[in-house]
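The data below hold one chain only, encoded as structure tokens and taken in the form predicted alone.
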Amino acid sequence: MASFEGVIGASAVLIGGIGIFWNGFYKFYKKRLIENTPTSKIRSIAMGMVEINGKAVPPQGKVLTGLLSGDKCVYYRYAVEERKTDSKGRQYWTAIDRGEKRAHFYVKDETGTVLLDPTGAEVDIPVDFTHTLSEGRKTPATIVQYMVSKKINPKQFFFGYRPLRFTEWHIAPGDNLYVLGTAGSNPFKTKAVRNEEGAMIAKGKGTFVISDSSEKEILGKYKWQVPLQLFGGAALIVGGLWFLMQVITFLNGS
């Protein structure tokens, strides 16, 4: 049993190290791509990989409403979690529902406006709304409506509220955005959708990032994340391989 647990443990360390190393390598690739892609004004974007900065603008009459917050937005993502306790008494949060709503919206700078299709993008934004059910604390009407629609009972079996946490991330009209994506022809330019440039930014063959952080802030995060994950992942890979070889040697000798 101990030898079997040793193999499982060594394999877990090895697989975890590979995952961390790969994530660090991917962030290194994105960091170089961001550094090497010049920032363009919307009026002068060319077809292909582009990098722009601007404010989020919803299409007329098509503003979204955050499912949990009730706030007006052009994109939202949410998670509903419940606090659990394992056999050793340790508490953790587990998701009982996740989702997001993506729709076309515009990005506008001082030179023009371009349509954005966020499908397939890595949306890097902070938490905008969070609420945890608790006794004596008023539950927002949007949370009540959500629980009714999903048939979620907020009460414990015996007393009090279930330990549920509601979290939402969203992009609101007017939010400053950094976008790295692929510019192509706007498929709606002959219809009622307005677009001064006749182009649309969407997911192409390369990286597609939408963030409310500036380019400087994104590169600042990658500056320490990349080496930490590359070297940390490599160390775990080496350690996992060494541990696994020790277990195999022990098993062959027993």
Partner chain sequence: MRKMAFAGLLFAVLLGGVFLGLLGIIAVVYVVSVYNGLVTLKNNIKKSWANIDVLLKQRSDELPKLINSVKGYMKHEKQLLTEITAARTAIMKAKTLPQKAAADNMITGALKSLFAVAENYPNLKANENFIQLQGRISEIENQLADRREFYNDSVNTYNIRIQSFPDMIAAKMFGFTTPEEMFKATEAEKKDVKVEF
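Quantities reported herein were computed from a predicted structural model and do not represent experimental measurements. Numbering follows the first chain given and starts at 1. Take the two forms, superpose them, and find the largest set of C-alpha atoms that agree within 1.5 Å; that set is the rigid core.
Beyond the structure shown, there is the form predicted in complex with its partner chain, which is absent from this document and is the topic of what follows.
Undergrad: Can all three of Phe28, Pro38 and Met47 be found with a heavy atom no more than 4.5 Å from its partner chain in the predicted bound form?
TA: Yes, the whole trio is in contact, each within 4.5 Å by some heavy atom.
Undergrad: Is Lys62 part of the interface with its partner chain in the predicted bound form - any heavy atom within 4.5 Å?
TA: Output for Lys62 is no: heavy atoms all beyond 4.5 Å of its partner chain.
Undergrad: Arg43 near its partner chain in the predicted bound form, any heavy atom under 4.5 Å?
TA: Yes.
Undergrad: Wondering, does Leu230 line up within 4.5 Å of its partner chain in the predicted bound form on heavy atoms?
TA: Residue-level check for Leu230: yes, a contact with its partner chain.
Undergrad: Does any part of Met245 reach within 4.5 Å of its partner chain in the predicted bound form? Heavy atoms only, please.
TA: Yes.
Undergrad: Spell out whether the Cα of Phe243 moves at least 2 Å between this form and the one not shown when the two forms are superposed on their rigid core.
TA: Yes, the C-alpha position differs by at least 2 Å between this form and the one not shown.
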